[in-house]
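Next up: a single chain in structure tokens, the form predicted on its own.
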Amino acid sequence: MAGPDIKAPEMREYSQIPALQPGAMAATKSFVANEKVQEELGFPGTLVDDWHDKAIGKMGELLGKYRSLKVFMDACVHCGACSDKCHYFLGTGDPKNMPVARQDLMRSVYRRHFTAAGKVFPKLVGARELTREVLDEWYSYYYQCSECRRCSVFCPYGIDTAEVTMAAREILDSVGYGQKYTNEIIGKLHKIGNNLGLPGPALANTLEGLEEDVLEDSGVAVRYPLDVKGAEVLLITPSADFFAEPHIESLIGYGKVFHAAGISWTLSSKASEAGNFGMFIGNYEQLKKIAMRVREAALELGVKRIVVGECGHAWRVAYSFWNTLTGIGEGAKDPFAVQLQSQLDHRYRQPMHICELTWDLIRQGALSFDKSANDHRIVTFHDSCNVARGSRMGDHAGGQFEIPRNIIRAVANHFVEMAPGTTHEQTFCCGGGGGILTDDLLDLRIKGSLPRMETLNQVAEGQGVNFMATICAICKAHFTKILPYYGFKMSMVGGVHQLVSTAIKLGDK
């Protein structure tokens, strides 16, 4: 599985601050989007001739639109609290992967053009001009940030590095310097309806095959319906759940939960994707356009509830943005948002995470499990960064940490926590989020995974952990790729609802 040219760093018993390696990742760049991909999204096809003026103009626009961005530009005092908190710095040693240094790639240009001192005495305040070399540096290092926001947890001023990264990427796109991976995926979603480019007939065929497999395996006719009008629940899940392992095991689990509880549900061919890469590139228009598919599907199918599957950034977008983007959750006031609000059943949270739904059913006694069916697994849980630091679950703070663990304990006998300071709100990113999940950046991804692999190795060697559950499609996809580089099996990672699927007892509902 592991390629011959890329090697994982040595794991250590305890995480250590690496020796500085200036420029270690300066040459690491993901592929640039081609002209067609850029133009389809409304961006310039190639780097425009007047890129400097347009980039500075776009920065001024964002500073005026988002007051938080200006605060983040002005507030940093270079205290260093964030310096050793980024997994990419810990794995690469490149000082420009320190969050404070990565922010300063933009902050220095901000000082030059948007502060009086920077205009008059640029060298005295660390201001610099936006040259082509600086622009290339932006492209390199702002795509070495997974927008996980771990550094923000430790910042005494609450500076959100992810927002700085998102702004930098939006500026890059606006001058024709976009990333191939993220922008191609957004284009596929607009054309076909999901990130993987699965057309409707292929999706329907996949679900039919899934029903046959589950019937053969369990003896129970569990349905995986598509485009069923009048269903109670619309499930929006990452497209990886439809065919890739281990993702599909969680989709099987969702269907079994709905079946056992007697809840009618459906998937939508129009909104067959939970992921929203508009957030990764910081573009509000793309973020909204992608999210609107969900509203349109909910109205067309007449559902009463909207449930989001196991996808980290999808849940952050749903929880934090859907209300104002689309009117799912109370927010927007346009006629279609009002229509949707009158249609949805407000006895339930709107939207709801699949873990919230399953945990509610468990507490109600609506589901039964044979926990011993998971006895071959000693389970730990990886908190996905967008769930941990960008959302909530349930009715109180910290529900996003408690609910997945409660489900695991309800379906498995053996659960082990990883080391304090590496879970909950301080969790390490998997290393592949935020637009980094591309093989162009495999070396970065492997090195960025070092902190999580070290903590996983501690519980694997010390307590026999052989399964790491998570509720994020990107985490699953990334870990299956890089686990072999660290001597683990690909099958060591899976979803919470994969565990549910193994243990659940099915009736004839």
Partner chain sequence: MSTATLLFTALFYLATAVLLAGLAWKIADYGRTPAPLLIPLTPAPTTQGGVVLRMIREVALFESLFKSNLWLWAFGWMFHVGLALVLIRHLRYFTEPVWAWVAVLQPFGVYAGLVMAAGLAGLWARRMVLERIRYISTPSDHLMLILLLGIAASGLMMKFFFHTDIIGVKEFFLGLLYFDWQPLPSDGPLYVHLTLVAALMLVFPFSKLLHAPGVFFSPTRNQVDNPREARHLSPWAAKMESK
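Positions refer to the first chain, counted from 1. What you see is a predicted model; the values in this text were computed from it and never measured.
Absent from the display: the form predicted in complex with its partner chain. The rest refers to it.
None of 296-304, 187-195, 99-107, 263-271 except one has non-hydrogen atoms within 4.5 angstroms of its partner chain in the predicted bound form; the exception is 99-107.
The listed set L344, M393, V222, M418 contains one residue whose heavy atoms approach its partner chain in the predicted bound form to within 4.5 Å, identified as M393. Taking N406, S218, N413, N323 one by one, only a single residue has any non-hydrogen atom within 4.5 Å of its partner chain in the predicted bound form, and it is N323. Taking the partner from elsewhere, A81 is found to have a heavy atom lying within 4.5 Å of its partner chain in the predicted bound form. Mapping the unseen interface onto this chain, F89 counts among the residues with a heavy atom inside 4.5 Å of its partner chain in the predicted bound form. Although the partner is absent here, R377 lies well away from its partner chain in the predicted bound form, with no heavy atom inside 4.5 Å. Not displayed here, its partner chain is kept clear of Q463 by more than 4.5 Å at the level of heavy atoms in the predicted bound form. Looking at its partner chain in the predicted bound form, residues K36, H52 and I236 place no heavy atom within 4.5 Å of it.
Contacts with its partner chain in the predicted bound form, taken as any heavy atom within 4.5 Å, map within 6-44 to I17, A19, L20.
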